[in-house]
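Shown below, as structure tokens, is a lone chain in the form predicted on its own; questions about how it binds or moves come after it.
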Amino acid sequence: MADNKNEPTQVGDTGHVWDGIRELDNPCPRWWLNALYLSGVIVVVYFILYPSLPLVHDSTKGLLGWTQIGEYKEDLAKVQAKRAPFEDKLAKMSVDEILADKEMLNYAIGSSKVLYGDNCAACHGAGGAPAEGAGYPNLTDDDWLYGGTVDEIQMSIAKGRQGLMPAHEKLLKPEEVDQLVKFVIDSSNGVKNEAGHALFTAKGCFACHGADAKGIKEMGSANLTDKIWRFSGEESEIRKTILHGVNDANDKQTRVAVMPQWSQKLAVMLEAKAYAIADGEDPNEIDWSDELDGTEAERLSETDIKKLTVYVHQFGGGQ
């Protein structure tokens, strides 16, 4: 490959020898040298055409004015242009209408994967089932603290949820805590515990969990008669919940269970529509200038929340 085709003994060397092998002083192959020179030219051309040299507060722009963010925005614009007809149509549809339209249902589910991953998966898990004992609701079962209809799911996402169970460490005697723990375990196993139920009633637990201990949807209280546990069904964990409560600001050991609000504006609108329907009024005639003051926060748009509602509902646990 070298220009000098003489015998090795006729070629000069560098004086380096390793294990009897001499390093010859043949020139580099011509094709290799040409490639090296060409690469240098390409570098110079690149420096001229593209942003390359860093400056104090910026960098050289290059003759082409190309940037990665610019290319990203161009590609994003193309994607948005393709999605626009679907987005416009979806914005005018209710969640029920989306579920009834196969094409829009497929679009809503497909376009929600990243949306769910960015905003929901950290707590609820990639597939709607969080790690056991994590304390986040499982979206794939049929246990819904605040209801599992599409309207109720949409309200939960928009409004957020923050239930409250007061700590009972200072309100109950140790033997009463033992008795209530046993009552909760027995109830989850379908075993009647008359003495425990009597104490459950006497201490006012029924006010939140219902006389039948099956929870009250409007309050988001847990059903104590099934085997679905938000935190844990272990005796020690049940005891901790009774003693320290959930979201009790006065107890440092309380369990923290908060779902953030994703759209205050949509939550207000959904509540106003529900009140109008309950009063026999047409929700389409609501004067939103009276209902909204313009300062309502929106972490996600109404369309995004519709998509997430459909996506969560399709996990299989929706009602």
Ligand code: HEC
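Numbering starts at 1 and runs along the sequence shown. All values reported here derive from a predicted model rather than from experimental measurement.
Here the subject shifts to the form predicted in complex with this ligand, a form of this protein not shown in this document.
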Contact of residue 130 with this ligand in the predicted complex (heavy atom, 4.5 Å): no
Distance check, residue 153 to this ligand in the predicted complex, heavy atom within 4.5 Å: yes
Any non-hydrogen atom of residue 85 within 4.5 angstroms of this ligand in the predicted complex: no
Residue contact check: residue 221 to this ligand in the predicted complex, 4.5 Å heavy atom: yes
Option touching this ligand, based on a heavy atom within 4.5 Å in the predicted complex, out of 111, 119, 193, 188: 119
Answer option from 123, 100, 198, 77, heavy atom within 4.5 Å of this ligand in the predicted complex: 123
Location of this ligand contact in the predicted complex, chosen stretch of 68 to 76, 239 to 247, 88 to 96, 102 to 110 [non-hydrogen atom, 4.5 Å]: 239 to 247
Members of 140 to 155 lying within 4.5 angstroms of this ligand, judged by heavy atom, in the predicted complex: 143, 144, 145, 146, 147, 153
